[in-house]
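Have a look below at one chain only, the form predicted on its own, in structure tokens format.
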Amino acid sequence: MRRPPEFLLRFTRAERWVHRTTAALMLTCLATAACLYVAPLAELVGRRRLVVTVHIWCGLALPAPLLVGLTSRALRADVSRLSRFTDVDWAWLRAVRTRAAERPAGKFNAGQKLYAQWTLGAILVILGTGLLMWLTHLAPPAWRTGATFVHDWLAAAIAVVTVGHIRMALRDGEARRGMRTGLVDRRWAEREHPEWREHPQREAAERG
């Protein structure tokens, strides 16, 4: 008889809230940007002033979920993990390069760390350039022109990376369950994140 799965707490409620809220804001920014720059969408949606307002305020709000979530000890611990590269992470990158079957990883693998760091940097740059475009008195015209160029191309890069992130998530149902419910199968954790040494005990109640 197959042994029923034993679940581990991977993400707390606060961490899942930060992820979902940031994702909703980012997707709204991308959708409204598409409505502003793609002519057929602009004609279909109309109401350009409303679209611009939604785009601006969602962009300004992008850092807010993380800043609020930092009141959670669990989130602070994961931010610390995501911001540090270890020998295990370099081994994971080598394994990816050589297409090795075994890829050592802690709670987050090196790819997830790079994605998180890139996303945070992209949010800061997109926010800064957006402010220069919105508040025209903050900088001379040459700066605003440069800010517009960076903002537009970075937005395109964010869209591409976001699509890649969603595609990878769709291929791993257990990872999606971890972000949806906070719980993952212990066997999945031991297979995908063998160096995650801080496995919590099985629990249904969540820690904030």
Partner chain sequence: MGRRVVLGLLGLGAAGVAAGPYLQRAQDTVAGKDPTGLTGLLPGGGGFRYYSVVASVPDRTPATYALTVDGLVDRPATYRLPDLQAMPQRRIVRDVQCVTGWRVPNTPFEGVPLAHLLDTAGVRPGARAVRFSCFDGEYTESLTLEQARRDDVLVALRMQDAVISHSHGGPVRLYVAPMYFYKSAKWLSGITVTDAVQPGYWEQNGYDVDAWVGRSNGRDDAPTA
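Quick caveat: nothing in here was measured; it's all calculated off a predicted structure. Positions refer to the first chain, counted from 1.
Another form exists, predicted together with the partner chain; not displayed. Remarks below refer to it.
Which of these stretches, 22-30, 37-45, 159-167, 59-67, has heavy atoms within 4.5 Å of the partner chain in the model of the complex?
-> Result for this chain: 37-45.
Any of the heavy atoms of residue 172 lying within 4.5 Å of the partner chain in the model of the complex?
-> No.
Verify the contact flag for residue 145: yes if a non-hydrogen atom of it lies within 4.5 Å of a non-hydrogen atom of the partner chain in the model of the complex, no if not.
-> Flag for residue 145 set to yes.
4.5 angstroms heavy atom contact with the partner chain in the model of the complex for residue 122 | So residue 122 counts as contacting the partner chain.
Any chance residue 117 has a heavy atom within 4.5 Å of the partner chain in the model of the complex?
-> It does: once the partner chain is placed as it appears in the model of the complex, residue 117 has a heavy atom within 4.5 Å of it.
Using a 4.5 Å cut-off on heavy atoms, what residues in 6-28 are near the partner chain in the model of the complex?
-> Read in sequence order, no residue approaches the partner chain (within 4.5 Å, in the model of the complex).
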